[in-house]
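First, one chain by itself in structure tokens, the form predicted on its own.
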């Protein structure tokens, strides 16, 4: 059982996580921009240590109106584990297909193919980017589709995390001149936070 006293986050650590994520998401955005030949707009990532119940609320705040599709992918390395959750707005598929010169039928299977391509690129680049800066090699599990064309609350029923607290890093990607937006959530297990903080503290010293 994790000692909850060790599961904490101070402002210096939060700033450091933001900086690490900024670099990693910049690498992911660069790959996406090259693939789609379109500029990717990057806001400052949100970094929070939250209770599992608050995670549900945080994800629901991401998008409440439109239907979403979601992919989840676990990762682990050096005793640090978590999962990446990509929430993709369904209104983005037609623009994404055009930018990727996808000439197949944009049915459920076609959309799934595009979703997996984008999630593989964004999740892989982001996890790898954070790992390189912390000198951790993350092994990534197979991506799992949580749902297509669902409300966020329906998607959450398929993602059950057994943690009390999680370090959540939220990254919102939008494309300039295209109706494409998605949210990438990196969720680190409660047991991983103290180990991550030790690595962060080493960088801060």
Partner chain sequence: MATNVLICDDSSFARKQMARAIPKEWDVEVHFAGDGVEGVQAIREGKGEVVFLDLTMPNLDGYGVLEAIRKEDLPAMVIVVSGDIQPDAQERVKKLGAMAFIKKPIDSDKAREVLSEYGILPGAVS
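Positions refer to the first chain, counted from 1. All values derive from a computational prediction rather than experimental measurement.
Below, we turn to the form predicted in complex with the partner chain, even though it does not appear here.
Residue contact check: residue 54 to the partner chain in the model of the complex, 4.5 Å heavy atom: So residue 54 does not count as contacting the partner chain.
Heavy atom of residue 146 within 4.5 Å of the partner chain in the model of the complex: The answer is no: residue 146 has no heavy atom within 4.5 Å of the partner chain.
Partner proximity in the model of the complex: residue 34 to the partner chain, non-hydrogen atom cutoff 4.5 Å: Although the partner chain is absent here, residue 34 would touch it in the model of the complex, with heavy atoms inside 4.5 Å.
Interface membership of residue 16, the partner chain in the model of the complex, 4.5 Å heavy atom rule: Yes, residue 16 sits close enough to the partner chain in the model of the complex that at least one of its heavy atoms falls within 4.5 Å.
Segment assignment from 26-34, 138-146, 66-74, 164-172: heavy atom within 4.5 Å of the partner chain in the model of the complex: Contact criterion met by 26-34 only.
Sequence-ordered list of residues in 168-205 near the partner chain in the model of the complex, where near means a heavy atom within 4.5 Å: Heavy-atom contacts within 4.5 Å come from 176, 203, 204, 205.
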